[in-house]
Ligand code: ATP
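Starting off, we have a lone chain in the form predicted alone, written out as structure tokens.
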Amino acid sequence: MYIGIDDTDSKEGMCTTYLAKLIIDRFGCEGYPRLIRLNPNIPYKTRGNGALNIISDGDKDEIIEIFMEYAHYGKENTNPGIVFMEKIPSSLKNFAVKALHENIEITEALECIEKNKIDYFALGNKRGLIGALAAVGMELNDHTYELIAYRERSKFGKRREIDVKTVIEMDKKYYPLIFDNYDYRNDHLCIAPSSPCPVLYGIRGEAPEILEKTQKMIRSEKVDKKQIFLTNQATDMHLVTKKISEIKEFDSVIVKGEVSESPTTIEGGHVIFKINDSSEIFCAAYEPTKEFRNVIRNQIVGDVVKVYGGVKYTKGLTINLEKIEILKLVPKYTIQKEKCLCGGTLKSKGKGVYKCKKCGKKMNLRKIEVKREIKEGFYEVPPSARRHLSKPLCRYQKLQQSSISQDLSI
């Protein structure tokens, strides 16, 4: 029996993976349970918009009892949903793809349930049914794994005790088979959440065997439970190549364009610029992306880029950058401001013409090409700012082989 679960957590705690683990401990699970990340731009999500799919022959009534006991129903924006089905309807695959890329209404989920006679249980406005259905229906052409270690219940909501040195040792030994464990530039531990949920830490990697081996290297408070999930994290599965004119709010896109407005740094340290492909759109590197903003600040009008990110509406539609590929850098020039022969200071009169303040002589000054501070190639946000679905460059084998510079120390 396929079981889909979503929206059981809140800002005050709980985690849908933990509820899934409780069900697995009681009834078992065929293969690895699946942790499916859906549209990361949806405003209703609690944290990472993840839903769970378990294959188990557990008793429905008992599963619903566990669901009712642990779901954070009654908390703000928590509307749990669970579905049960013996086989996956073909239409559910399209529904899942839509949930990954668009904003689905609750009525559409209920229509899907009614049409396919799917058994379900839901609370509140039933929004959790959207993710529950999508988790069961999602087909994966790429996947990774995550080992999640859970805390003892007495520790929920308290400060996590993890020896950071052992995480760094683990990361250095096994990267890139495991990834996004530690952000070295920003001295940030990435495996531990900041919320008061049951998760102690999560290690992401390419194979279950690697995760089992690496987890033994971490020294921490006592691990109460652990579970390996098969997941679509780190796959870029959310991204769709589009023209700017086709983009809508809540999309996650890949767009090729030419820089049409120079980057500016606005209040809060966010860096904004525009690209054009016959239509124009804002792109933003927000403050949490840290050193990645230096790459964006060094773009100039005429550069050709491919941008990757989620679309939100601020002053206009804006792509929140996850990665950028610089395809072509245009030459950058400066004017060599030599003093007049009489020793006077030159003042610009426009169009490259300068006039000496002392003797009044006019002259044209030479344009000199200056070295660009960035190179063509891929750049990504640091691990501490990375979305669950965003594929880190270490997973792009072709990029590794071509030795594209990822140096962000500009």
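The first residue of the sequence shown is number 1, and the count goes up from there. Please read all numbers here as calculations on a predicted model, not as lab measurements.
What follows is about the form predicted in complex with the named molecule, which we do not show.
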item: Among the candidates N186, N276, N103, T265, the residue which, in the model of the complex, approaches the named molecule to within 4.5 Å (heavy atoms); value: N103
item: Position in contact with the named molecule when the complex is considered in the model of the complex, options C29, I66, I374, I42, heavy atoms within 4.5 Å; value: I42
item: Candidate stretches 139-147, 160-168, 120-128, 319-327 - the one whose heavy atoms come within 4.5 Å of the named molecule in the model of the complex; value: 120-128
item: A99, heavy atom within 4.5 angstroms of the named molecule in the model of the complex; value: yes
item: Distance check, P383 to the named molecule in the model of the complex, heavy atom within 4.5 Å; value: no
item: Contact label in the model of the complex: R37 to the named molecule, heavy atom within 4.5 Å; value: yes
item: Proximity of T46 to the named molecule in the model of the complex, heavy atoms at 4.5 Å; value: yes
item: In the model of the complex, residues of 1-23 near the named molecule [heavy atom within 4.5 Å]; value: D6, D7, D9
